[in-house]
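Okay, here we've got a single chain as structure tokens, the form predicted alone, with questions on binding and movement later.
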Amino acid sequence: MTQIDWKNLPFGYFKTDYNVRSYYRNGHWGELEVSSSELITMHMAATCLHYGQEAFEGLKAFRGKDGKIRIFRMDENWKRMNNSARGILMEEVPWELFHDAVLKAVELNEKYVPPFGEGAALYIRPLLIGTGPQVGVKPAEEYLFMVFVGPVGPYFKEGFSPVKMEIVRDYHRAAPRGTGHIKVGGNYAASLVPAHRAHQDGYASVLFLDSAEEKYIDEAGPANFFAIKGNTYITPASSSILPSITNKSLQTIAEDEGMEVDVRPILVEELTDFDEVGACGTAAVISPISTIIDRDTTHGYHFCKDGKVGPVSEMLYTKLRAIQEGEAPDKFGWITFVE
């Protein structure tokens, strides 16, 4: 294997040795198959190509200080994938199949799990797609579930350092009562143009507002938004936000540390009242936000005094990573060990 520069890994695709697959045909899921091919063969009329019948997940495996490999909150990713499947009429994946596929993919590619202390992880991508052919707008009768993996560094190149973001009003990530709450590709397709524009303008990402009134903060394209005010962890409530498993975990840690958790609509104007703000998700973990610029008004909101990460964000990040990497007890039952 080519020597890997673990400390300087980008967040991107990395070829590993194997992936695992299972096909849903004739009303049932088939046996788990191991493949060394990076390619998928499918019908040209597959519903994933025409009608967006596809959903995916993202979770991580970490190598602890003790050398053991830990997968973080796999059951929550399974639940969320099946929620996505129900949202666009795909066949749900049984727990046993999901569990076995994730573990098998990690075990087969164990050498790609980064060493402890390198700031990297093994990213795990479960994928569910409609492979059965349809020309009319209707769900497929056949599906492919697969899991592939690869080592990754931080999602934002700044890592756990303050980033700049831009509020956009001329694009919406998802429609009210649409698919914003499930992890399907269409939501990400809708974010590509404003995100690309923001990157060209020097921002790490964008903050989308609610599509109905454009008054409330919804989320960043690849992550949930959170804020700290005094002893309170605040995060938006919206039917078009994808529920982040990292956000859910941070709320639990915050409460365990004696903080209040407030999940509610957040007006843009409230940004002036917050002590700290950030983005959180599996890929990003926590990305503290130093500056938010409203693209329409050019008004700016500034955080991270002296360029430093806020103390609460740092505490939450440290405690979450300690559980993921085995430096703190797993008192919440979040870890699955790879034997």
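Remember, predicted model here, so these are calculated numbers, not experimental data. For every residue, the number given is its place in the sequence shown, counted from 1.
If you look for the form predicted together with a small molecule, you will not find it shown, but the lines that follow are about it.
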inquiry  = Checking a candidate spot here: are Asn19, Lys104 and Phe145 all in contact with the small molecule in the predicted bound form (at least one heavy atom each within 4.5 Å)?
reply    = no
ask   = Using a 4.5 Å heavy atom cut-off, which stretch among 274 to 282, 45 to 53, 299 to 307, 63 to 71 contacts the small molecule in the predicted bound form?
value = 274 to 282
message = Can you tell me whether Tyr203 touches the small molecule? I mean in the predicted bound form, with a 4.5 angstroms heavy atom cut-off.
response = no
task = May I ask you to check whether Lys183 falls inside a 4.5 Å heavy atom distance of the small molecule in the predicted bound form?
result = yes
request  = State yes or no: in the predicted bound form, is some non-hydrogen atom of Tyr112 no more than 4.5 angstroms from a non-hydrogen atom of the small molecule?
outcome  = no
key: Contact test in the predicted bound form: Gly153 vs the small molecule, heavy atoms, 4.5 Å   = no
key: in the predicted bound form, the one of Tyr216, Tyr171, Phe116, Tyr188 near the small molecule [non-hydrogen atom within 4.5 angstroms]   = Tyr188
query = Of the options Pro194, Pro222, Pro162, Gly132, which one has a non-hydrogen atom that comes within 4.5 Å of the small molecule in the predicted bound form?
reply = Pro222
